[in-house]
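Just one chain follows, in the form predicted on its own, and it is written as structure tokens.
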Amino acid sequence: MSTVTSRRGASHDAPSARPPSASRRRRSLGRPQLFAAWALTIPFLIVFAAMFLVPLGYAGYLSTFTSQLVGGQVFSGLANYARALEDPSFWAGLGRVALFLFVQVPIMLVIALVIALALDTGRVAGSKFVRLAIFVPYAVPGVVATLMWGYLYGRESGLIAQMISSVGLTPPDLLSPQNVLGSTMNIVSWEFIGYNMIVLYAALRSVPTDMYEAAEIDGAGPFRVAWSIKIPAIRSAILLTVIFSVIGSFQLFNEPNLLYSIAPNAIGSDFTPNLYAYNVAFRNQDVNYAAAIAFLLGFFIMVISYVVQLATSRKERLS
């Protein structure tokens, strides 16, 4: 009897332990709370719609039209998208950013992770200064950083060329067509290693130290602790930096656009898809085709980001 009573009591208490549903929470809120919630949310929704949804919809609308000398703007459906898929300049730019993604992003993230792991050990002298010094380039505007590196890359008067010439060697042309992509990778790595290092370091600081102490008692060294405990514990932070880097790689614009003025023979107007869309829109005055290129680029970014996230989730389930 007591068992039945206790079960009944448990079944009577169970609903009260459940979290209230959304409709119940709304009913529990009074009018002042609902008014305050909407008053705080509506400004954001207005700005979000005005600055994101409306321009996005307008760009999608423009991409379905074509400008003609006779007849002006005419509806052409998906003709601009078909044209972009057959455009060698679009695919050449996409190939460059894909190469940029597969070479620069792993190097940048590995360096950022190694620095974050080293700082997390607490054995680096002057760790606060090191952390700040590595993060400072992220605070430098991209335009300033590109112009600074463009000066350093100069073959005649650049600092790098002068240092190599001072030891009797022939300096390479870092802004030649063969080297300009690598020079751009160097600029972007210099800018963003600190940002990714801070993200990973903050994630490492949130891992309970009990796990490290237990591993050290079992005889694990620093490298074993880093590989088997720290890196798996911050997997979500690593995935975040990977996705941000994938998106940033396909949005590459400032660096090639500024280097174009320094090395016009090495960087064409279609060096990256973003730069190509910009030149098509504002130099060729073909905003309809530029909108189609931008939408296709966004589609590729979405697919690759989803594949990266899906592959990581599957690996986590298997492990």
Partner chain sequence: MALVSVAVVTAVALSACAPSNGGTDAGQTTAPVSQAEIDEAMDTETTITFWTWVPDIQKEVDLFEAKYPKITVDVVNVGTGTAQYPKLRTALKAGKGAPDVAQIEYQYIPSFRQTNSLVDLTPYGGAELEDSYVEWVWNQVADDAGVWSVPQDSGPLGNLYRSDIYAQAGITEAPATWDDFAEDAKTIKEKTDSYISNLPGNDPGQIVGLFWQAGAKPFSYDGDKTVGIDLDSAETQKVVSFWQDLIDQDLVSTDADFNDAWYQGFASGKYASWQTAAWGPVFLQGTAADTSGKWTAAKIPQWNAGEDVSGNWGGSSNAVITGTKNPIVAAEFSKFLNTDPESTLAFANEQFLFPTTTDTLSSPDFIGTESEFYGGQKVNELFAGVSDTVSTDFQWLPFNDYVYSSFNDTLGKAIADHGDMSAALTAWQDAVTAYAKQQGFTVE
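Keep in mind that this is a model prediction, so the values were computed, not measured. Positions refer to the first chain, counted from 1.
Below, we turn to the form predicted in complex with the partner chain, even though it does not appear here.
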Are all three residues Pro106, Asp120 and Ser313 in contact with the partner chain in the predicted complex, where contact means a non-hydrogen atom within 4.5 Å?
no
Quick check for you: of 222 to 230, 245 to 253, 109 to 117, 205 to 213, which stretch puts a non-hydrogen atom within 4.5 Å of the partner chain in the predicted complex?
245 to 253
Would Arg283 count as a contact of the partner chain in the predicted complex, using a 4.5 angstroms cut-off between non-hydrogen atoms?
yes
Might Gly182 be said to contact the partner chain in the predicted complex, defining contact as any heavy atom within 4.5 Å?
no
Against the partner chain in the predicted complex, would Pro32 count as a contact residue? Criterion: heavy atoms within 4.5 Å.
no
Hey, in the predicted complex, is Phe90 touching the partner chain, heavy atoms inside 4.5 Å?
no
Select from 57 to 78 the residues with a non-hydrogen atom within 4.5 Å of the partner chain in the predicted complex and write them out in sequence order.
Tyr58, Ala59, Leu62, Ser67, Gln68, Leu69, Val70
